[in-house]
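Okay, here we've got a single chain as structure tokens, the form predicted alone, with questions on binding and movement later.
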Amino acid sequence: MGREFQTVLAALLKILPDYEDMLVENLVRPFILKDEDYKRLMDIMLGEFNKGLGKETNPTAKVKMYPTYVRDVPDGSENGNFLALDLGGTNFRVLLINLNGQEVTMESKIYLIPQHIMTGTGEQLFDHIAECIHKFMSNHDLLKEKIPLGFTFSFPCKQIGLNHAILTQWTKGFKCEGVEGEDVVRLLHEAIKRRGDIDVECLAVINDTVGALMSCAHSDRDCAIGLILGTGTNACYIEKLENVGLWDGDYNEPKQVMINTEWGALGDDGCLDFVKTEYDRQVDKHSINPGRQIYEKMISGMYMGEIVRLALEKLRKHGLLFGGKGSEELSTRGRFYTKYVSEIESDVDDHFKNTKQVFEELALEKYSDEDCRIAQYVCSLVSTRAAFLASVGVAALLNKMDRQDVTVAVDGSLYRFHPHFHDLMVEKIQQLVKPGMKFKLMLSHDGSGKGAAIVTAVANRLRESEKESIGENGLEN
């Protein structure tokens, strides 16, 4: 009887890892979507884009499709000194950019935005920004110069002109009172005026998607989509004026305008509920803006680490990870950083060097190679889903524009540092675009700095040529 029992036990022990794998699989399976799910999502997105573009349907649309008043890519004749401000997260940058044809030189400085300012008043925020501009100009001996400025403001805005943008809602952890519903360029100019010691005029306000597009377009004229995959996610693209129901500008050539989709808000009406997991619902519930920016929360760097942490914790509680024993760090919301996902997925052999390093940082004392393998698997499922969801948006835009050859400018830490994001996106976009359509994803270098300067340079060139033509007409009269 003893020998029979031992044989049965040995057989059970062989099956156990497979059984455990099956249990793990059951808990993370919701992250794996079918091809038809992604196709259905693309149809939903196209519908939402058209709803946002329509004059009648825009008021109730969740994806707002704002015209940016940026009409064209640079022609290469732009030159001179320009300042650029870049506000899109916890860091704020001031840049000095010199354009001379295809040549670009840049100097920049990063300033921190303290937590108390991120959640304080609008006046405090813009005074802090003006203070940083003054410091930067002082360090570069620019205080006596008048310099045109471009402002990359990477939050949902309704633009009412090239240098007028109304903040519709704060995202990414910002909550400054007195800014939502206000023109951010006016608030910046007021803060500059309060100081009275710098001569700076903001000619253009753009978001980081337009910056990424313009930065790439400086060297590649086929660039027609700007995509951000970082703390947040958003995209812009070039649309024909005849399709923009909200357009209130002129219809001169070129008959097109860049549209800031604000696609992060897709799903705020429940249209993504069929692909949401319990982990997504948890992340949303505990976020600063529950029920809003649903698509963004399933993709971007601000939330990816937390989605992985929740999945790992669920596996641990079921005794499928770390022998059921966790750590205070692993059970702390927001403590599993998104950079850990990239690091863990960068392990290429069974030594799991990066994964073990992450476990050490999370104060996990007991872990096996199997734990490393499971953590890697969970990370890959969450990041692959994010890459595929972002690809659905890009493919929807490519199909909508229906151009033969398009370069997609991509910026953001998620795309830049994740080892497989680019390849996963190319694979999925290829599956979803119309046959014969060619595209390439191009890393945009410093779109939010260089891009803002280029938009400003184009605006400055147009303004100067307008002045000249008015002057000539005046002389004729």
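What you see is a predicted model; the values in this text were computed from it and never measured. One-based numbering along the sequence shown.
As for the form predicted together with a small molecule, it is not shown, yet the points below apply to it.
Exercise. Using a 4.5 Å heavy atom cut-off, which stretch among 394-402, 179-187, 202-210, 122-130 contacts the small molecule in the model of the complex?
Worked result: Answer to the contact question: 202-210.
Exercise. Applying a 4.5 Å heavy atom distance criterion, does Ile228 contact the small molecule in the model of the complex?
Worked result: Residue-level check for Ile228: yes, a contact with the small molecule.
Exercise. Is there a heavy atom of Arg316 lying 4.5 Å or less from a heavy atom of the small molecule in the model of the complex?
Worked result: No, Arg316 stays farther than 4.5 Å from the small molecule in the model of the complex.
Exercise. Given that the partner is absent here, does Gly267 sit within 4.5 Å of the small molecule in the model of the complex, heavy atoms only?
Worked result: Although the small molecule is absent here, Gly267 would stay clear of it in the model of the complex, with no heavy atoms inside 4.5 Å.
For this session: Look up in the model of the complex whether Ser215 has a non-hydrogen atom within 4.5 angstroms of the small molecule, and give yes or no.
Result: Flag for Ser215 set to no.
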